[in-house]
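Presented as structure tokens, the chain that follows is alone, the form predicted alone.
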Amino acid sequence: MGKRLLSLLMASAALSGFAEAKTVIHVMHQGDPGWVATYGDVAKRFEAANPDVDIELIYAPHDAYNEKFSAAVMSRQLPDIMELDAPFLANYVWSGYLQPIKPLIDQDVLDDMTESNIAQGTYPVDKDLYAVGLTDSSVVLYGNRKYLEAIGARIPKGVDDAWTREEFEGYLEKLSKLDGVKWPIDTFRGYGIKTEWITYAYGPVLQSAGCDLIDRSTWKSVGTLDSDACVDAMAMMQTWVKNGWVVPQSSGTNQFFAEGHPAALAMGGHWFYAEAAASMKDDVVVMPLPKFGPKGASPNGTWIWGITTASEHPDIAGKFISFMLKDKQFRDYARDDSAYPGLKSFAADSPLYDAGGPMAVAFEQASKTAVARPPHPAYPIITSAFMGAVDEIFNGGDVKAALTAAAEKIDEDIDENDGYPPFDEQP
């Protein structure tokens, strides 16, 4: 009996010692339930291949992610790995939260990155890579083929023959009078103002119209965001809302492919395609974003993976990220979810985006019209100020006053931080 008890204690001690010897990697992420389950499955496969490592996933809701990250900073509980929205990278690096990632990621993954993927993970000051992802992103103009044919609309074949502003607004007016159409367009106001949607999707409307959120050489917003071109562009969008052409925020985010197809067009993300195609089959038409001024413009940048400066095991963290980006089941899920390729090998396995594929226009935008959000440490203020202004404008506020107030708020933050040196010294 005594020998048996001793054996059990020894076994218990051995197991305890084994558990303590494991390295724990904390991974903070967001995502819908499908992606969350996929991350969990990848973690299990990594742990099976690396029995001395535990992957602890920390979920944060998409629309509260930055607040939860700030709480982790305040409590000095940064994870080893964090998912981050690409336009916030400059702020995180400037603040000292992220470390260069090149020495930690498998070379074949680095060699596989598309140019836009490299761009979204690169800090402008030192030109070093701080984050990597399987994917990138874009927004396109979806159309209901039946409705477009009913009003005789021209359907663009590619980015170079995108609708002009005059064509686009003419079609909105015709669609507003067509039987079966409740709203001519869904601009996904349902995403609200707590996500990046407004800046991500509507910023290119300004850039296409000939202005921007901020001057990218002087890093001043007054005179740019409240310029005549930006005021005209936002007044245009306000008119769409006033005319009742836009799906209201209270009606959710799926009115394009909802029962009865009440919205004729949708200015939607690439991730929208899978659900739309499943509901509407061949009636889904994918078109480039319209040209609202002198040039075409479209967004890019998505959620990517970085390793924090707080990580005590950055080599293992890099090993997990490399494992995840090469994991076949992970890629299969991403492909089936119409994920936008950020690795060349993933693009080759995504016929959706190949020439002739139903989303080829979205991939064409990446090389012809994509404009990154301002890569500046003040970006959190830039985006929150712009989103507040858009919300005020869509609710009937004065366009010029709202944009001027936002521009002044942005400039004040940059001034209060002395231009965010050494960022302001970059050529």
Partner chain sequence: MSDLVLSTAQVEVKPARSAIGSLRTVQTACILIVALVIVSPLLMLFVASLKDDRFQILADMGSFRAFWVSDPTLSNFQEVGNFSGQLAFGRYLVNSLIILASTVGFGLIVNSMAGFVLAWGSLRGRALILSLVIALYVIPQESIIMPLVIMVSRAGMTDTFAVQIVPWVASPLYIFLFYQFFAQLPKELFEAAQIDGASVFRIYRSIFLPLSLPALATVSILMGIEAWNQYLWPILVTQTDYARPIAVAIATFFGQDSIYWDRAMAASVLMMIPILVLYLAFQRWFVSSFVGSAVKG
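Small disclaimer: the values here were computed from a predicted structure and weren't measured. Numbering follows the first chain given and starts at 1.
There is another form of this protein, the form predicted in complex with its partner chain, and it is not shown here; the text below is about that form.
Peer 1: Check D32, Y59 and Y191: does every one of them have a heavy atom within 4.5 Å of its partner chain in the model of the complex?
Peer 2: Checked in the model of the complex: all three residues contact its partner chain.
Peer 1: Please run the contact check for A372 against its partner chain in the model of the complex: heavy atoms, 4.5 angstroms, yes or no?
Peer 2: A372: no, not in contact with its partner chain in the model of the complex.
Peer 1: Is G40 one of the residues lying within 4.5 Å of its partner chain in the model of the complex, judged by heavy atom distances?
Peer 2: Yes - in the model of the complex, heavy atoms of G40 and its partner chain come within 4.5 Å of each other.
Peer 1: Taking heavy atoms only, is S75 within 4.5 angstroms of its partner chain in the model of the complex?
Peer 2: S75 belongs to the contact set for its partner chain.
Peer 1: May I ask you to state whether S367 is within 4.5 Å of its partner chain in the model of the complex, using heavy atom distances?
Peer 2: No, S367 is distant from the partner.
Peer 1: I155, A71, L178, L110: which sits within 4.5 Å of its partner chain in the model of the complex by any heavy atom?
Peer 2: Residue within 4.5 Å of the partner: A71.
Peer 1: Here the chain is shown alone; which of Q238, T135, T253, S116 has a heavy atom within 4.5 Å of its partner chain in the model of the complex?
Peer 2: Flagged contact: T253.
Peer 1: Given that the partner is absent here, state which listed stretch (396-404, 379-387, 355-363, 59-67) has heavy atoms within 4.5 Å of its partner chain in the model of the complex.
Peer 2: Answer to the contact question: 59-67.
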